[in-house]
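What follows is a single chain, given as structure tokens, in the form predicted alone.
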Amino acid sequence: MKKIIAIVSVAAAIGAAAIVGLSMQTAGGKTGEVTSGRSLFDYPATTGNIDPVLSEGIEVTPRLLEHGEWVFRGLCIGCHGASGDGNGAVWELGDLYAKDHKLPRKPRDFTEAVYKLRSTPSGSLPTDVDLFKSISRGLIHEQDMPAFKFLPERDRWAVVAYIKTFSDRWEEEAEWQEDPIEITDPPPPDEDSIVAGKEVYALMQCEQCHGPVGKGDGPSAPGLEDDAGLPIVPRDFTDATQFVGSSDPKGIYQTFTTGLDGTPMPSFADFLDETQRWQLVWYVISLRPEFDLEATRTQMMSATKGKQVAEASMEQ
């Protein structure tokens, strides 16, 4: 415990000292422009949500960036570092003071602006909502980055704006940013779709990394590295808490479609059609010990019927 306290204390000290000279840059999102229409307190103060209440996007103002820097200093700098390169004190000093509690993966390097979780095609920057959801949900059941949904929504939006100041990609690629992929409602699974998904699993050689029954123990697993040359462990599909993003059908479909940039996990968008991707989704979900095919089908069909009834009543 003393070692952990030491790391946190050193991180706070380094953060307080190093942040003093950190320049404020324009975080422009898609436009690269700073606007001045919305007050910080016009943003929602909602807590506990992963999907944002605010849907029309953020207006990047000096006040929003200032607040984002303040939140970053208090909660993010220990891991991500004063310059946002992922070399915070918690990561850098882990080997010296707390090897048994060192982070399993290096914190995100915001200067590279390469993100695993995106609703956009592989190679594209994430949307602001993508960043908001990652901050809110956390990563891998809080083993890496904890969930920050306890923060007021305005604080999370401010951090989104601020972390974008660490990379020029947001301005340089603004005109070429691709739109998010479209994800339809998932088709209810049946025995045929799961069998077909198993065939897709074999076709794409998923077992090489994830193993024959999806436990992340394939023959290629021990030697896998991310783009930074650091070891990376394939996902254990049998444990939904180990998913880096959302573990529901749409979240898994998004991963299969966009890939996880910076890792060996590719996009299947150019190799599998929509039907095959949904089949693979349901096969992967079926590997969970708690999966119940009939219960899942019944629940989904009931939800679909309820949605249709609601839509019909609105049209009357």
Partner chain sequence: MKHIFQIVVVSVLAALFALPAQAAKYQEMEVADGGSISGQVTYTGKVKMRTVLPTKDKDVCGKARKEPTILVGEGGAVQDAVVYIKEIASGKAWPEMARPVINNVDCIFEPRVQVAKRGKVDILNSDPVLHNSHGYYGKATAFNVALPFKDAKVTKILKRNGVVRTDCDAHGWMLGWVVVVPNPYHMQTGADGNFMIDNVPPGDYTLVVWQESVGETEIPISVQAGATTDASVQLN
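Remember, it's a predicted structure, so these values are computed and weren't measured experimentally. Residue numbers count along the first chain shown, from 1.
The next section is about a form of this same protein that is not shown, the form predicted together with its partner chain.
One residue of 260, 58, 252, 287 in contact with its partner chain, assessed in the model of the complex (non-hydrogen atom, 4.5 angstroms) | Exactly one residue meets the criterion: 260.
Within 4.5 Å of its partner chain in the model of the complex, heavy atoms considered, which of 92, 190, 217, 171?
-> Flagged contact: 171.
Should the three residues 49, 150 and 243 be counted as contacting its partner chain in the model of the complex, with contact defined as a heavy atom within 4.5 Å for each?
-> Per the other structure, none of 49, 150 and 243 touch its partner chain.
Would you please decide whether residue 238 lies within 4.5 angstroms of its partner chain in the model of the complex, comparing each non-hydrogen atom pair?
-> Residue 238: no contact with its partner chain in the model of the complex.
Report whether the minimum heavy atom distance between residue 130 and its partner chain in the model of the complex is within 4.5 Å.
-> No - in the model of the complex, heavy atoms of residue 130 and its partner chain never come within 4.5 Å of each other.
Using the partner position in the model of the complex, report whether residue 77 sits within 4.5 Å of its partner chain, counting heavy atoms only.
-> Residue 77 belongs to the contact set for its partner chain.
May I ask you to state whether residue 155 is within 4.5 Å of its partner chain in the model of the complex, using heavy atom distances?
-> Flag for residue 155 set to no.
Just one of 49-57, 287-295, 270-278, 244-252 has residues with a heavy atom within 4.5 Å of its partner chain in the model of the complex, so point it out.
-> Contact-bearing stretch, as computed: 270-278.
Counting only heavy atoms, which residues in 161-192 are within 4.5 Å of its partner chain in the model of the complex?
-> Contacting residues: 162, 165, 166, 167, 168, 169, 171, 172, 173, 175, 176, 177, 178.
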